[in-house]
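Just one chain follows, in the form predicted alone, and it is written as structure tokens.
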Amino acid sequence: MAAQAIHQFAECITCHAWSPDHSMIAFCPNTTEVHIYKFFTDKWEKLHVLAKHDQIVSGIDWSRSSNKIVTVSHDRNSYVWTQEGQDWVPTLVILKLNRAALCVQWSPKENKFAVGSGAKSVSICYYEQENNWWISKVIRKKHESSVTSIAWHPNNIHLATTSTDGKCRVFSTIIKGVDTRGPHAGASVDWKFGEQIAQLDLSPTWAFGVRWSPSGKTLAYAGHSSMIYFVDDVEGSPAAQNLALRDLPLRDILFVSEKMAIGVGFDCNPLIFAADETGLWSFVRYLDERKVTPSTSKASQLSEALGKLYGQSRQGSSSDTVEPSKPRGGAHENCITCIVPLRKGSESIVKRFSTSGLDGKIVVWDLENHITIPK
């Protein structure tokens, strides 16, 4: 079994994040609080409770270098938590939102973070040394509905978003005085703040779980119509591949390498996707899979034919495939809503990751001994 460890922390978990050395975990048990646990010898012990929000905490991210925690909530607020001795001290972030904050993520350089919201906007937050506070610049009037997920490009400037309007967009977030022109910045610094670099209109339904590959060459996101989309060369001439799933939709995606990705969602079981030498993506298998004898009945053949028809794309350049059904049962017993990589140092390949969901479990998965990870 690929599930290395299964921890039952609560009845339901909204989101979670790990400390830089993976010794502590922070999660929201579907309340206004964030609980921080640490593993001692043979059990987890609660060390801290971050209680500052007034409504459910919808997003957590723990920075790897600066050891700061950022949280966002439906109360429209965000806090950056800094550890001082044995306590975590919050600093309020000025988000300028009139609707719930839904997701948050530190940028690769950790000099800013992005917050997606129900206000059809994205706040790019950065620290202002002179006034000793976190302020934001807001990307407005680009989304037609709530921003469900965000993902930073490795260049620290481009930001991808998904929305319940079914679209995936890429923006420039360059901020004068915060972002500097580096030797590898290239043309990415020529964009102005908030300028839309690309808009992908592949999904006819809500879109979730956007992620970049380690190099930033490939972008992936999921649609609520049980589709997953892989897009190459987003900034230039986008080439899209659409994969239709036979079961339930995905909620989040993680690239474990340049040619392999993990999808999680309502099937309660991580899905493995891989690209071949030509760059064509396909479904590999379920990670928590149980062997099932394939059916050759007329009913299954009809279902497969309908699946192919359902998965056909209107995009002429797309490549569509339909994935097989899977057996139920596994480590998770309810929808998986969050997937977090467990990287060691600066390694680019993710060999371990964790998932959390509506069953209140956090599961640590080990890929190294169960599947060959292509580079």
Partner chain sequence: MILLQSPSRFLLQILKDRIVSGDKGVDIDCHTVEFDDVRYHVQFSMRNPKVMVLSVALPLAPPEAILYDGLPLGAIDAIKAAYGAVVQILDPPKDCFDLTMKINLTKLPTDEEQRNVVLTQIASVREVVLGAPLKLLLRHLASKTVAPNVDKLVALVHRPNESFFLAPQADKVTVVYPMRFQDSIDIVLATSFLQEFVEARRTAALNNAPSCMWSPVPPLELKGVNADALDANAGFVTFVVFPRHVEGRKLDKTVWSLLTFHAYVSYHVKCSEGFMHTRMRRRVESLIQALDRAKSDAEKLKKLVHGGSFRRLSMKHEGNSNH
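Residue numbers count along the first chain shown, from 1. These figures come from a predicted structure and were not determined experimentally.
Here the subject shifts to the form predicted in complex with its partner chain, a form of this protein not shown in this document.
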*Do Arg352 and its partner chain come within 4.5 Å of each other in the predicted complex, heavy atoms counted?*
yes
*asked:* With the partner left out here, check for me: in the predicted complex, does some heavy atom of Thr372 sit within 4.5 Å of its partner chain?
replied: no
*Select from 9-40 the residues with a non-hydrogen atom within 4.5 Å of its partner chain in the predicted complex and write them out in sequence order.*
Phe9, Ala10, Glu11, Asp21, His22, Ser23, Phe39
